[in-house]
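The form predicted on its own is given below as one chain in structure tokens.
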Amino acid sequence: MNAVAVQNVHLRYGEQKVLRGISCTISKGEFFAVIGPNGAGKTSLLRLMAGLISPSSGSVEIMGRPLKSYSRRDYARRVATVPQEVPFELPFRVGETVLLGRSPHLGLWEMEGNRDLELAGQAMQVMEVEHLSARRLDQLSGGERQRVFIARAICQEPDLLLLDEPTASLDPAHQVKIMDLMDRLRREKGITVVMVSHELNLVAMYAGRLLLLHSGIQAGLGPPQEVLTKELLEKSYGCRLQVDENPLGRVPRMMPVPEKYSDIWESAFKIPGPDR
């Protein structure tokens, strides 16, 4: 059974076509990344999977069931979402925010028990925010808030984890820690991870498959070696890129080529410039 099945999905915002004929299946326990330039439709696709919006046509299934067949409570027990922009104006402290991840598993008037508190503590420890437990969200940096909301998602104990650019506001050390954690959750707990990211070199080392979007169209789908090619990436991102092999994992490694270095790049790789 697939964790996610997207079939011929189209999405419009008014007259604007945001997604056009997207189809993909994501297996249980897979690490799947959605990539593409700004405005490609990545966040919209993730919002469709999260049930926050409905497709104009096509279908989305989660764990073998149509998305619309889930109640919000039932869905929240199985799927956790970490948005791209996490709110900081909520009147909650860090510990309270993380503990909210247990809400779908509690009865209407049921209070959190010892296990819920233990899970929240473990999630904060994993995300290195336990020392911030008593702080309000508006007293945190963007990177700290991001880690708090990832901790809340972990505390939720989901089967499927949807993350929209979770490493965008983090320093390199925490970026790697987040990616290592997602991979460990996938391997040890069988959690399916679906991540939108602009960090191509990071997702190349972690994701089993990638979906490349360009202007709402499916430009590539497959393992990193098939999707992260110079031809596909330059066409989608509209810039020069050097693509070679990452010696750490034998996966593609990307580097943009600034204009001021174009002569050096062309000379090194014996590629004629556009006016030559």
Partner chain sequence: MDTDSAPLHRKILASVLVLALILLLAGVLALGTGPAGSMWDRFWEVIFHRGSLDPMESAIIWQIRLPRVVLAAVAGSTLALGGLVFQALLRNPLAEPYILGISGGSAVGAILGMFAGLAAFPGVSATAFAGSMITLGLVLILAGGRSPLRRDSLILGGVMMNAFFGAVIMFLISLSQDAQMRHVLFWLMGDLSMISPEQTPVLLAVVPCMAGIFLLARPMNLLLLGRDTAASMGVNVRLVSFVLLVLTSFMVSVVVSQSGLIGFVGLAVPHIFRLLLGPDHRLLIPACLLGGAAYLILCDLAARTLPQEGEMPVGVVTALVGAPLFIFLLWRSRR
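Numbering follows the first chain given and starts at 1. By rigid core we mean the largest C-alpha set that fits within 1.5 Å across both forms. Being a predicted model, the structure only gives us computed values, none of them experimental.
Omitted here: the form predicted together with the partner chain. The next part is about that form.
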Original post:
Does every residue of 83, 100 and 152 put a non-hydrogen atom within 4.5 angstroms of the partner chain in the model of the complex?
Top reply: yes
Subject >> Listed residue (148, 79, 196, 203) with a non-hydrogen atom within 4.5 angstroms of the partner chain in the model of the complex >> reply: 79
Original post:
the partner chain isn't shown here, but in the model of the complex which of 65, 235, 28, 47 has a heavy atom within 4.5 Å of it?
Top reply: 47
**OP:** Could you confirm whether residue 91 comes within 4.5 Å of the partner chain in the model of the complex, counting heavy atoms only?
**Re:** yes
Original post:
Taking heavy atoms and a 4.5 Å cut-off, does residue 169 contact the partner chain in the model of the complex?
Top reply: no
Subject >> Any non-hydrogen atom of residue 173 within 4.5 angstroms of the partner chain in the model of the complex >> reply: no
**OP:** Look up in the model of the complex whether residue 107 has a non-hydrogen atom within 4.5 angstroms of the partner chain, and give yes or no.
**Re:** yes
Original post:
Can you say which of 47-55, 32-40, 247-255, 211-219 gets within 4.5 Å of the partner chain in the model of the complex, counting heavy atoms only?
Top reply: 47-55
Original post:
When the two forms are laid on each other by their rigid core, does residue 167 show a Cα shift of 2 Å or more between the shown form and the other one?
Top reply: no
